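Taking the form predicted on its own, here's one chain by itself in structure tokens.
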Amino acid sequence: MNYSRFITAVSAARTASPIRLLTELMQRSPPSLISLAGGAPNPNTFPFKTASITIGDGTTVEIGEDLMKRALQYSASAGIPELLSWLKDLQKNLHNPPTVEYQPEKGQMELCVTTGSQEGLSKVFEMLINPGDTVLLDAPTYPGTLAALRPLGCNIVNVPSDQHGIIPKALKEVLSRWSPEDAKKPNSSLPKFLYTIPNGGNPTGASLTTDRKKDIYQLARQYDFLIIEDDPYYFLQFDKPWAPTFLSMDIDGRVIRTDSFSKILSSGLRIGFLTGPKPLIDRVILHIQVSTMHTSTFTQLMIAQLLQQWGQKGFLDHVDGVVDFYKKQRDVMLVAADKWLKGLADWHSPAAGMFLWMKIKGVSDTQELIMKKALEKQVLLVPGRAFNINSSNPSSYVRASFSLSSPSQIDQVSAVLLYLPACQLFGQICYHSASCHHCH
């Protein structure tokens, strides 16, 4: 891999902060070291002394005075050592990346902790995209991704997809406008990367099949582009075995993977992690040094203490419990949709994630339905146009999240928000009988 061709001039110009290097050197040094170098505040002046955090099973995570001093202090930009070590072992166990034993310059697997996966994703985009560069993604997609991409001035090319994610044949057709040899030409317009949410895609709920991933990876090799595997719902796959990841197939070192603890441990703690080839992850770390400096030491230590206490088995047991909860929520959503919306909307059962993506029949654009009619009835979903590359384009879809609402609320929303407006408020022909009390 020639990583230099992917990196922007701004990213290539980043150098290590000498103060950050001294901070990390001091943290690796024995207690006998006397340092007058750092500008760290004295932790004895901090008002917080200890913490005891109760876990759902009744056990506790204890942060004593010594550990609290460390938790409230600056730490390494890549992440605290014990959390990094635990996460690397997890990635090896779950994905067995081929690049683990590679030489660093050849794309050895590296990892860094980020303030939620969104920070990592945003920094990856800024590392890779110059104005005018071409990138590939399957829209509709996560609005946060679109908001991060648009200001960078890139040319976003949509790749057709269905309920099973990106269609490899369609991707091949999109790529046919270029030649694989274009990768060797300076200032080539060949796409730099493909971005995808492979499991429980936001908003569609689509999950890529293993065969499609293999075909997509081969096209990435043929045309020499990177794959950004944004996988916040990896741990919310409803059926086992879980699908193999792009990271598990990455023999070249061309996959950058984002993971998140937001959906399974806490969204407010803001802990995510990036895994990918060391030459690229190192660039992201340099960016972290001059922006956030590092993810909160306290939240990293709190999660590290919990994960070490649980071990991988305990962590995966917890994940199983979370999956069971969301699977039941999904099933409630599907029952409600089938009860109230049959004939009025189309949808596919999501295999992962938190969302049901519904196409409302006979409605060309759901914007008014959601932002006006729905609010009048005190319910809210997200109109489909929010997930389009061009958010002004109409969409007949809505995204329903089944993560927070109770079964009765999900049933109520399905009945009031979608069934009634589709029949009555928009003056559609009722798909039901003349005795339908919503319409007559």
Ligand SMILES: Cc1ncc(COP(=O)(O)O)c(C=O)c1O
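The first residue of the shown sequence is 1; numbering continues from there. Since the model is a prediction, treat every value here as computed from it, not as a measurement.
What follows is about the form predicted in complex with the ligand, which we do not show.
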Which of 130 to 138, 193 to 201, 70 to 78, 341 to 349 sits within 4.5 Å of the ligand in the model of the complex, heavy atom basis: 193 to 201
Tell me, out of 234, 357, 142, 246, which residue has a non-hydrogen atom within 4.5 angstroms of the ligand in the model of the complex. 142
Have a look at 91, 161, 260, 289 for me and say which one sits with a heavy atom within 4.5 Å of the ligand in the model of the complex. 260
Give a yes or no for residue 212: in the model of the complex, does one of its heavy atoms lie within 4.5 Å of a heavy atom belonging to the ligand? no
Any of the heavy atoms of residue 370 lying within 4.5 Å of the ligand in the model of the complex? no
How about residue 121 - does it come within 4.5 Å of the ligand in the model of the complex, if we only consider non-hydrogen atoms? yes
Quick one: is residue 116 in contact with the ligand in the model of the complex, heavy atoms, 4.5 Å cut-off? yes
